[in-house]
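Presented below, as structure tokens, is a lone chain in the form predicted on its own.
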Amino acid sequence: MKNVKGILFDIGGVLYVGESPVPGAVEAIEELQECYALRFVTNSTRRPPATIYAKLRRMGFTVEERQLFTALAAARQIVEEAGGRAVTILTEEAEKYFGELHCIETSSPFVVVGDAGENFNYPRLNRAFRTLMNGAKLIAAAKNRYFKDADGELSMDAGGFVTALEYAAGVEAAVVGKPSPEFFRQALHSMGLSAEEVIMVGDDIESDIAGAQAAGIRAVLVRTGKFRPKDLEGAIFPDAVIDSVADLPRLVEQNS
């Protein structure tokens, strides 16, 4: 881990699990903020960026709002810049974040899907399907398979529902969160650093680790959150594996 000038962090499962910070995470971030450019990149789409930021601050993390990059914000930006509106499958809180960009007309040019929780139901999915059959573009804010829920168990994420819509409508979703290379590039650009100068820290072997490596970024896997031992048995090889983000300051110091 030589020549590290910046660090990207996944949030859920890395900094906190449910409503509790990972032990030592608050202190690790505070220490790292003094020496490195930090950005916090998340595929969490149930809540808007302001809510995620407030949660981090409430837990004691020393972060700034400008350091936060969310897949939900990236999806909203695409719709807004295109001057269109979107049929969405999101939580009520996330739909409010879309504001006037959210609609229910099946003639809309976009369908946006995130982790909608209880809102993954047939009427919403079928409305999205009909919109896609009318020529809309499918935007997946994220396509994760699962996440570690507040009860400590794994829960289905948006990926399975996105795949169902792709199959039914015969389309391919544009994924705007991790592992999209563009999502990583936006974070790098905000730091003014190259991929070779940055590392990614995450608990998702596919979106965080493989996604970062595909963008030329070294990746560190933590054994918290959704991590499972079988993650280390496949064809994706992290550049380093640590027990938790609390161990990261020592890792970068030892190799600097």
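From 1 onward, residues are counted along the sequence shown. Keep in mind the model is a prediction, meaning the values are calculated, not measured.
Unshown form predicted together with a further copy of the same chain; subsequent notes refer to it.
Although the partner is absent here, residue 118 is a contact residue: one of its heavy atoms lies within 4.5 angstroms of a further copy of the same chain in the predicted bound form. Of the heavy atoms in residue 126, some are within 4.5 Å of a further copy of the same chain in the predicted bound form. At a distance threshold of 4.5 angstroms between non-hydrogen atoms, residue 109 is out of contact with a further copy of the same chain in the predicted bound form. For residue 77, no non-hydrogen atom is located within 4.5 Å of a further copy of the same chain in the predicted bound form, even though that partner is not displayed. Contact with a further copy of the same chain in the predicted bound form holds for all three of 143, 151 and 228, each having a heavy atom within 4.5 Å.
Looking at 79-87, 96-104, 164-172, 180-188, the stretch with residues near a further copy of the same chain in the predicted bound form, meaning non-hydrogen atoms within 4.5 angstroms, turns out to be 164-172.
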